[in-house]
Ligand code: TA6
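Single chain ahead, written as structure tokens, the form predicted on its own.
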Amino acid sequence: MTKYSQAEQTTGQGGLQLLRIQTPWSVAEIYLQGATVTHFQKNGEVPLLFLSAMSRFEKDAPIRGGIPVIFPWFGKPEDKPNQHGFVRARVWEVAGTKTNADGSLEARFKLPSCVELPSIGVDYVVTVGVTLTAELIVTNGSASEFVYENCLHTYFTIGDINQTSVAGLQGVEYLDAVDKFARKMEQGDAIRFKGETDRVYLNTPHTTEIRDASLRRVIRVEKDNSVSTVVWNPWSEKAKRMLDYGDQEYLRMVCVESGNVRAEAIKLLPGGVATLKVKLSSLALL
């Protein structure tokens, strides 16, 4: 175990560049492709984040797992060329690292200027310590309002989806993508998984918890400036149709995503700055 926090840029899978961070409490890896956090693991624990063994580590391809950055749109609108925006497949720049007073290490990434958004600045700050914090910062340098969606599409490692539930969303309205985006109300005290699940929970700025009876772990998802919570598991049939995802991997992962999507998109005035921040932590399930 290191006594001090440190960061090293190195080569990862597929020859892609990554930043490896080690602290006295944890280790993390962030690929420059998409600024994707693919790994976070506290000492003595199972990794917090799930990464598909089938993920493509190829230029211009998104990484399947970890925390893909979804921006500037979510899903696949009819007038957009691809799923979930384009920044998750772009190579970001490391803008700097620093050690904080509490011993955690902060790494800042910057999206290079792009023709799609020439006047929009996008920065991403990942802080690794006892917890993992990710903050997406968007600056509108244009002369007009900028409307966009954002989401930190977080894949979590679990022991068994059949012994996992997501708590904190009872009484919340959601859009059910499996049922043509029908608007429904969450009735149960927790979400339990019996099949494909793809839901956008509305007006949810509050904390949610993933309760994993198999690994005896609770994962807390705390967030700032996010009112949408997406809960996703592809289940067996859809998993078989996904080329960069193993047929049985749905059993060992669940996505609880924090963002602002669909009708809850961000409207950023000229000169404005908007942030989306997520803090992930874990504790024993009692």
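The first residue of the sequence shown is number 1, and the count goes up from there. Just so it is clear, the model here is predicted, and its values are computed rather than measured.
What comes next is about the form predicted together with the named molecule, which does not appear here.
In the predicted bound form, no heavy atom of residue 156 sits within 4.5 Å of the named molecule. Residue contact with the named molecule in the predicted bound form: residue 198 places a heavy atom within 4.5 Å of it. Using a 4.5 angstroms limit between non-hydrogen atoms, residue 29 is distant from the named molecule in the predicted bound form. Contact between residue 235 and the named molecule in the predicted bound form is not found at the 4.5 Å heavy atom cutoff. The stretch that touches the named molecule in the predicted bound form, counting heavy atoms within 4.5 Å, is 77-85, out of 77-85, 161-169, 183-191, 127-135.
This chain lacks the partner; the member of 223, 217, 64, 39 within 4.5 angstroms of the named molecule in the predicted bound form by a non-hydrogen atom is 64.
Interface residues of 257-278, taken as those with a heavy atom within 4.5 Å of the named molecule in the predicted bound form (partner not displayed), are limited to 257.
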